[in-house]
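We begin with a single chain expressed as structure tokens, specifically the form predicted alone.
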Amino acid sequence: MAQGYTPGLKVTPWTRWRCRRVLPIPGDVRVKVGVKVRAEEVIAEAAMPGDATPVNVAKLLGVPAGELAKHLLIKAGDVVSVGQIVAQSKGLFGLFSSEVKSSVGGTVESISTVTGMMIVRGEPLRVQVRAYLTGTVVEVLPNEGAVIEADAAVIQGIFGIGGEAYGVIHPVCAKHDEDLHEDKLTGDLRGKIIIGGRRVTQAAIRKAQQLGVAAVVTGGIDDQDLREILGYDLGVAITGNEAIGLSIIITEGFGDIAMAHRTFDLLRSHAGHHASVNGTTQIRAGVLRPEILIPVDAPVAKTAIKDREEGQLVIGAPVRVIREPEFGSLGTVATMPSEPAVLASESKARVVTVTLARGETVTVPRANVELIEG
């Protein structure tokens, strides 16, 4: 049977999912193998050194650096507060005295009589890592973190912003091709993961921020609206650190693109269930997809297509077209010709025929389709 391999998004009602959760620096791990953890539970923490702030005490005091020691009121290792006097000069015959106050609080790390500089180290910054996935610890990484495993429904998106968020799934659109306007956001939505349909408007995002929504998941978004929400043009590196008060996951792409029936139905079937989301996206080496993880109690029966090797493109596989003129269209693989075909550009490429959801069959290069993995 004809087959090939192509990148794909995972949209499945069940899979055995593992999350590797690690600290950015060595620290303490709080869990052990076999322990059950909740998504929002802290499993590891560390203290990162605070910011180091240099203060040119000698210059501010108006004395040579070599004479600074006799004017100091503090020493290395002392804790100072903002506004505390750290050095004082009495001046000639006790007149014209001057003093230097610390502009920052923290611990005096060093004082140099060569440069006249004092280095104040701010309070340590606590870094915590949460489990992210409600499940079981299957591996502990000493001084780093742990690996969490659980049965889960997994939905990966095309694009996202904002980092990790947690909440209860709450659909606000009745149809997969219904736009998410601000009038859909009613009632107590604080901490909820709201599920839209087609495009989400800028006004809806603004209202979601005001209501304390944890995350917005929908089919599409306008790039101009995204620019207005962020206040700047998004680069091409990695997202996930945007401080906008919520996470946004786009399942299909930019523009008026309806959420895939399969994705919409799966999310609605889990209304009221707790989920974890992460908008972090990276499109270059080491691809990262935004995702929604929903713990489930037991696996469900898998179809023949779900049993295929991961990334394998076969007849009957669900796909999304990712280039114009059918950009965003969903369908299934109808045939996979073995011989390269001549394209409109007069170049040759391996192609695949796709039966679109609307019933039409189109021929597109294999590089222009993305597998929707189950």
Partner chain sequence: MTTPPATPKKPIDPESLNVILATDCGSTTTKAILIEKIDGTYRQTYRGEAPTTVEEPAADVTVGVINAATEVGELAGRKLVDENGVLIRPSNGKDGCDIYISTSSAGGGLQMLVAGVVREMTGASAQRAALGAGAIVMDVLASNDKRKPHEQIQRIRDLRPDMILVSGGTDGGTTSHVVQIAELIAPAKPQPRFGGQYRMPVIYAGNKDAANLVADVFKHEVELSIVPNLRPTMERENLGPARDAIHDLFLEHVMAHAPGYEKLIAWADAPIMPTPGAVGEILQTIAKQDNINVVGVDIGGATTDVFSVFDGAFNRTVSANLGMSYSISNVCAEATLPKILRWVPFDCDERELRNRVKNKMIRPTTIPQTLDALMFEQAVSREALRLAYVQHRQFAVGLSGVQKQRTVGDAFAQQTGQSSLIDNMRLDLLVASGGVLSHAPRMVQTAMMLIDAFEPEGITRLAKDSIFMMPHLGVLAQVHPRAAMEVFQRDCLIYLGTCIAPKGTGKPGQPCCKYQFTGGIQALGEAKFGELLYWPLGIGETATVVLEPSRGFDVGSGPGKRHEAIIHGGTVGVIFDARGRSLTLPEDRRACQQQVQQWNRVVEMYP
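Residue numbers count along the first chain shown, from 1. In this text the structure is predicted, and so the values were computed from the model without any measurement.
The discussion below concerns the form predicted together with its partner chain, not included here.
By the criterion of a heavy atom within 4.5 Å, residue 265 is excluded from the residues contacting its partner chain in the predicted complex.
In the predicted complex, no heavy atom of residue 359 sits within 4.5 Å of its partner chain. In the predicted complex, its partner chain sits within 4.5 Å of a heavy atom of residue 283. Interface membership of residue 49, defined by any non-hydrogen atom within 4.5 Å of its partner chain in the predicted complex, is confirmed. Only one of the listed residues (121, 181, 274, 261) places a non-hydrogen atom within 4.5 angstroms of its partner chain in the predicted complex, and that residue is 121. Residue in contact with its partner chain in the predicted complex (any heavy atom within 4.5 Å), chosen from 177, 164, 149, 109: 109. From the list 27-35, 66-74, 345-353, 332-340, the contact stretch for its partner chain in the predicted complex under a 4.5 Å heavy atom rule is 345-353. Of the residues in 355-369, those that come within 4.5 Å of its partner chain in the predicted complex through at least one heavy atom are, in sequence order, 363, 364, 365, 367, 368.
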